[in-house]
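One chain comes next, on its own, written as structure tokens: the form predicted alone.
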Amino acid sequence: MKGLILVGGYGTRLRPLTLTVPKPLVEFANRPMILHQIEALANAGVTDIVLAVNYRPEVMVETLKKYEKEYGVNITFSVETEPLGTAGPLKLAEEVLKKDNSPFFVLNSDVICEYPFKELADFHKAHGGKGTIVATKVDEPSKYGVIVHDISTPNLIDRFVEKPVEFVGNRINAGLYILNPEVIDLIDLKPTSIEKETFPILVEQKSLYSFDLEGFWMDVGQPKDFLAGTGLYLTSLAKRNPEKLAKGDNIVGNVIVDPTAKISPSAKIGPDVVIGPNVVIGDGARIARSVVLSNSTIKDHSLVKSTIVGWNSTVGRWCRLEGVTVMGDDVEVKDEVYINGGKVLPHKSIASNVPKEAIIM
């Protein structure tokens, strides 16, 4: 089987982290985001994976060569000379996706969930249509395009309603699909939207179905959602693989700690925290709903909550970071500094307070 991951461009929504590392390689729960997806595809029997990108960072090529060996998959880059939207990349990768008659998966690189690829493939084969969209239920359907089903045929999609004013349903497109190769014939090699241009044709042909996603779902393409998605992922991990979570007197709730991290016994970590490799956390520090990336230091008695601490960074003593603060690579926060919602670009040193949302250049 085959899979296409829509990676796209420069990950601007996740800056300042993506100023240093391409978005697919930013660690989510201590593993590159794209690795979660490659592993799930490989486990479902996928052998060919295409990454649809606007540019091809060499660092990504090297890393993915390693994964090819590890997971026994072929990974190819499909590089767009102009952004082709969400459907154009399928046409560009036609050669790989149509190399046999088996259906192929398509997924958005920002989506984190319990990828149900095996079940999705079985469901798709059983209904015999040309495409299946994974649907997730949301609390506020008015913010999204909502899926409306056919009354007589279970799971057959009748139409999509964009940002409905009155309630028509609460299932939305989760950004994961499985499609038959002939769907590519409906797409032109130009910037096109699979949601707005290709899916409506399949709906007309009564050949597009939806599959309900169990468990959590999050598009983690921006910092606030990255942190929320981390919490959902950790909750899911607590149910599926509780042995991967940290234990200890100073751990509260669901926490992942890399074995190489050094944490003071008097520090308090959690809930919903990920601590990366070689991180050092000082006495009396308090960390909640945050991600601390590799080689960073949080000094004594600092409070870090709802924050992403970038790689190789230092937070001084008695600091307070909150409000979805994001520190880029190699940032230093001096002692006794308060940052509320600051986005700090790489290699900066901060000695004065940032009381409200700001970009520190």
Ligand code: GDD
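Please read these numbers as outputs of a predicted model, since none were measured by experiment. Here, rigid core means the biggest group of C-alpha atoms that superpose within 1.5 Å across both forms. Heads up: residue numbers just count along the shown sequence, starting at 1.
Keep in mind that the form predicted in complex with the named molecule is missing from the display, and what follows is about it.
**Q** Pick from Asp258, Glu94, Asp225, Glu80: which has a non-hydrogen atom within 4.5 Å of the named molecule in the predicted complex?
**A** None of the other options qualify; the answer is Glu80.
**Q** Within 4.5 Å, heavy atoms only, which of Ile187, Ala135, Leu84, Ile178 is in contact with the named molecule in the predicted complex?
**A** After the contact test, the surviving option is Leu84.
**Q** Within 4.5 Å of the named molecule in the predicted complex - does that hold for a heavy atom of every one of Asn54, Ser109 and Tyr144?
**A** Yes.
**Q** Under a 4.5 Å heavy atom criterion, is Glu182 part of the interface with the named molecule in the predicted complex?
**A** Taking the distances in the predicted complex, the answer for Glu182 is no, it never comes within 4.5 Å of the named molecule.
**Q** In the predicted complex, does Val273 have a heavy atom within 4.5 Å of the named molecule?
**A** Judged by the heavy-atom cut-off of 4.5 Å, Val273 is well away from the named molecule in the predicted complex.
**Q** Could you tell me if Gly131 has a non-hydrogen atom within 4.5 Å of the named molecule in the predicted complex?
**A** Heavy-atom contact with the named molecule at 4.5 Å: absent for Gly131.
**Q** Please check if Arg13 has a heavy atom lying within 4.5 Å of any heavy atom of the named molecule in the predicted complex.
**A** Yes, Arg13 sits close enough to the named molecule in the predicted complex that at least one of its heavy atoms falls within 4.5 Å.
**Q** Specify the contacting stretch among 148-156, 212-220, 246-254, 276-284, defined as having any heavy atom within 4.5 Å of the named molecule in the predicted complex.
**A** Going through the listed ranges, the match is 212-220.
**Q** Could you run down 1-34 and flag each residue that has a heavy atom within 4.5 Å of the named molecule in the predicted complex?
**A** Leu6, Val7, Gly8, Gly9, Arg13, Lys23 sit within 4.5 Å of the partner.
**Q** Superposing on the rigid core, do we see a C-alpha displacement of 2 Å or more at Gly284 between the shown form and the other one?
**A** Shift of 2 Å or more: no.
**Q** Determine whether the C-alpha of Tyr144 shifts by 2 Å or more between the shown form and the other one once the rigid core is superposed.
**A** Tyr144 C-alpha, core-superposed: shift of 2 Å or more.
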